[in-house]
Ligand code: KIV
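As structure tokens, one chain now follows by itself in the form predicted alone.
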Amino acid sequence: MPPLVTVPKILASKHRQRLVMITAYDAPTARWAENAGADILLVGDSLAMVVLGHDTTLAVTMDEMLHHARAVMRAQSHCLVVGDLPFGTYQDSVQAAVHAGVRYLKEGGVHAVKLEGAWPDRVEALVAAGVPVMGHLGLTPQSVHAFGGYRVQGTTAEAARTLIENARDLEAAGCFSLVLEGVPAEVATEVTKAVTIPTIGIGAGPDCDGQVLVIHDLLGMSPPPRPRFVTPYALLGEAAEAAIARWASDVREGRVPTGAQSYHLTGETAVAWQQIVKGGV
């Protein structure tokens, strides 16, 4: 079994190895990602869209996140598991953030939480309560309405400077790593240089300390159009539809199940059954 990935190991990875993080929402996806060599599993609030069918991440609840986190934890054995704090669980107050984070570790079993945006006071309080925190800056999907859509962030000099300042503030507050999403590659490079904690990019260019993708995007299970940074490494969605269509055709034409695919009576039971049938059931 590979060695256990821990928060200190993630912190120590800066400039040593590129981190691989991928979303997982249930036992099968967690098992696939672990067996393939991922370092970090993210129980992402993206499950609202790719699993539950919502248009944004805003609708998913804490209870739903915990349900999926527990499923992931049943399958994982060595990855660091991070749970997304859903919208509405930490914005109200520091106390609400701590309550949600503690609940995530106690009831969901995850090892750390992730929150979106520049909330250093929330991060500091969570860390003080014993909850490791991953930050998330740039295109933060929970702010989709404030941004007016899923738009690249940090595209002006002032916005880029603010992004670096926010990253430093989150590091000072105690974040052990930082997701950078949807920012120009040049800006992500400078943010990565500006902090001593690892950065994990998604649509943020090649110079981050690691990369993360939604597993449905990576495996081609999400329908087009796809973001520029997504190159499916398989087309499982198309393969699944084709397989189901073939099976449906075989069912309608009576090709399945075959005798070999069926269970049969044997021995004395088979003889006794034939006698019953001959006598009229």
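The first residue of the sequence shown is number 1, and the count goes up from there. As the structure is a prediction and not an experimental result, all values here were calculated from the model.
This next part talks about the form predicted in complex with the ligand, which is not shown.
With the ligand left out of view, the stretch that reaches within 4.5 Å of it through heavy atoms in the predicted bound form is, among 28-36, 42-50, 230-238, 248-256, 42-50. Within 4.5 Å of the ligand in the predicted bound form, a heavy atom is found for every one of Asp84, Lys114 and Val179. Although the partner is absent here, Val212 lies within 4.5 Å of the ligand in the predicted bound form, judged by heavy atoms. Heavy atoms of Ile202 reach within 4.5 Å of the ligand in the predicted bound form, making it an interface residue. Residue His136 is the only member of 116-139 with a non-hydrogen atom no more than 4.5 angstroms from the ligand in the predicted bound form.
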